[in-house]
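One chain follows as structure tokens, the form predicted alone.
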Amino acid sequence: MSLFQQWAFIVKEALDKSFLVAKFFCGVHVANTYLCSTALVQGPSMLPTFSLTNELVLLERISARNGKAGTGDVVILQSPENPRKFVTKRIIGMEGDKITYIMDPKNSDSTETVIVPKGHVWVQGDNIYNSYDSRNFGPVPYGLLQGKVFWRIWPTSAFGSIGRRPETVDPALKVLEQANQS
């Protein structure tokens, strides 16, 4: 075997391996962009569903792309006010829904009612007393949804499914309604 044939063999093997690695990373990119990815959730707005410290979750992107995310789902969305920031919130209302919410639950009981416009969703944090959400920036375009959170990976003590919250009524509003009925 000549020196040229040896080098040709080595180059062919290197190219074959390089293409295999490139195909792998293309597959990872496609899966991360269009199917499923991970995200870190932090901050007080989603207490008690998520803790204050970093929690690693899985989100599936198919529901958000196909319009299948619905009321009660926890979603990751691009902030409507800062495109570099991603936030975790729960969908409270879909387009056409009539939402009544307490404007400033820390300081007053005054409520406001809005109808979610077409192509938008109403999102709120589970901790209404410490959440910057649709009550502040209004309905969010559906296109800003990045994916639906479905599984908690870290911490391992909380490993498992997230699921939907069956009660999607603002708890402070529920207390207000009960007080008005008395």
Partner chain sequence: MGIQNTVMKMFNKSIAFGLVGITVTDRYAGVCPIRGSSMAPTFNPSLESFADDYVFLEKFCLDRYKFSHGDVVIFSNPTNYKERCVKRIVAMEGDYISNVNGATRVPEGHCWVEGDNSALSSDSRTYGPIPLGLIRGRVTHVIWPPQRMKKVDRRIAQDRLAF
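All of these numbers come straight from a predicted model, not from anything done at the bench. Residue numbers count along the first chain shown, from 1.
As for the form predicted together with the partner chain, it is not shown, yet the points below apply to it.
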TODO: Tell me, yes or no, whether Y142 is in contact with the partner chain in the predicted complex, where a contact means a heavy atom of each within 4.5 Å.
DONE: yes
- [ ] May I ask you to check whether T111 falls inside a 4.5 Å heavy atom distance of the partner chain in the predicted complex?
- [x] no
- [ ] Please run the contact check for K23 against the partner chain in the predicted complex: heavy atoms, 4.5 angstroms, yes or no?
- [x] yes
Open item on the list: My question is simply whether L52 lines the interface with the partner chain in the predicted complex - judged by any non-hydrogen atom within 4.5 Å.
Closed with: no
- [ ] Let me know the one among T156, T33, N136, N130 whose heavy atoms come within 4.5 Å of the partner chain in the predicted complex, would you?
- [x] T33
Open item on the list: Partner absent here, but in the predicted complex, which of 122 to 130, 147 to 155, 43 to 51, 64 to 72 has residues with a heavy atom within 4.5 Å of the partner chain?
Closed with: 64 to 72
